[in-house]
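Here you get one chain, nothing else, as structure tokens; it is the form predicted on its own.
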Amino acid sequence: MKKIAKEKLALLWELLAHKATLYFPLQEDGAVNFAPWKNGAQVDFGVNSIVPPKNVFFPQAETYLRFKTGAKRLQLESVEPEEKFILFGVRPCDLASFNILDKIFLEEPTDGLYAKRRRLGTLVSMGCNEPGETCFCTSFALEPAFAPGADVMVWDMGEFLLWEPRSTKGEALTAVINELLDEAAPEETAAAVRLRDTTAAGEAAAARQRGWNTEGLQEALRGKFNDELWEKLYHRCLGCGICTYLCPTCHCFDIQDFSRDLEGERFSCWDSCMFAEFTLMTSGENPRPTQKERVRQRFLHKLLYFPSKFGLYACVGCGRCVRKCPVHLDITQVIKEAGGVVSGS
């Protein structure tokens, strides 16, 4: 395991930025979100980003085809990503969300743009030193301070970052910056192990205080499609879609054409199952006519349909929807009321 002193981080950023586009959690106007780094940008590893970094692989809006008509001909030009990039400082919960998105975009029929970005990207994950107030990742079998799918794992140890390459991409990235790295002493490596243990224990203790877990949840939800639970919950929902836009695993999108004169482009953009027009058909029929059906679909998809098909809950416990829902329609409340076993019962 390696380490890098924090006084060398500015050199590290510059060195990495010369090799690939470098994404960091950057602070701007009091908010922290992932964006391309540039000189003078304020990197902030203190909190998780407001918007998840999924938009690096799955952009909120993306042109993938340009077209031009004329002289009885239609010219088509595909648009594909080409630049390598480094996503630095991804929390373990967000990194786990990429594995969930892979189930959607990398299985047949494969999304070629997403697949290419996955190949072009190198993932540097930063372990959490302590769980956030609204975090519940351990309830979904994740570790706050460790991300199995990372190319490089780093931990903030105060005066330095511990650096551990964990893949071929990670080894290649380490070779690029090796001049800035020192060997970590055995006691420093041991400190990272203790950090993993203490953060996991702390989050597990918080989970016990919340009074629920996911044991037996799928079985309980299978009988609740017509349950009055949804009648109770949906009245609070505004249909604003903030929960889906801030969720690292939500992946609904729409496809639109924009044209002017003889030229135009086809693009995809995020959509939301919380919107009334999401399932509206051209006939005027809508299989989810009220917010009740939309709320039910969101939670059943994450907690029943997706894990039944892929073996993974479509939630990583990042807590963004808990923090930002304006009416506090809390997924943890839904889990508990829908049948999540009370801890210790």
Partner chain sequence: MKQLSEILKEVAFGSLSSGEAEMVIGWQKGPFWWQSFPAFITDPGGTGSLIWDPFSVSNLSKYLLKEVPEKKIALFLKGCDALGFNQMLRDGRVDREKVLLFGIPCDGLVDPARVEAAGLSKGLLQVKKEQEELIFYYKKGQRKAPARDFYYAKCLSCRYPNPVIYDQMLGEAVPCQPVERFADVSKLETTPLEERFSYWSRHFSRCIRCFACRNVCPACSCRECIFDLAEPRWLGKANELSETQFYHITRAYHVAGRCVDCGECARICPVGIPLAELNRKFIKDINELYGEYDAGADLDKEAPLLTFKTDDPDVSSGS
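Numbering follows the first chain given and starts at 1. All figures in this text were calculated on a predicted structure; none of them were measured in a lab.
Beyond what is shown, the protein has a form predicted in complex with its partner chain; the following relates to that form.
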query	finding
Residue stretch of 267 to 275, 151 to 159, 167 to 175, 138 to 146 approaching its partner chain in the predicted bound form, non-hydrogen atom distance within 4.5 Å	267 to 275
Its partner chain: the contacting residue among 216, 223, 112, 239 in the predicted bound form [heavy atom, 4.5 Å]	239
Residue (of 43, 51, 35, 312) lying close to its partner chain in the predicted bound form, criterion heavy atoms within 4.5 Å	51
Contact label in the predicted bound form: residue 254 to its partner chain, heavy atom within 4.5 Å	yes
Residue 197, heavy atom within 4.5 angstroms of its partner chain in the predicted bound form	no
4.5 Å heavy atom contact, residue 16 to its partner chain in the predicted bound form	no
4.5 angstroms heavy atom contact with its partner chain in the predicted bound form for residue 134	yes
Residues within 4.5 Å of its partner chain in the predicted bound form, restricted to 3 to 30 and counted by heavy atom	28, 29
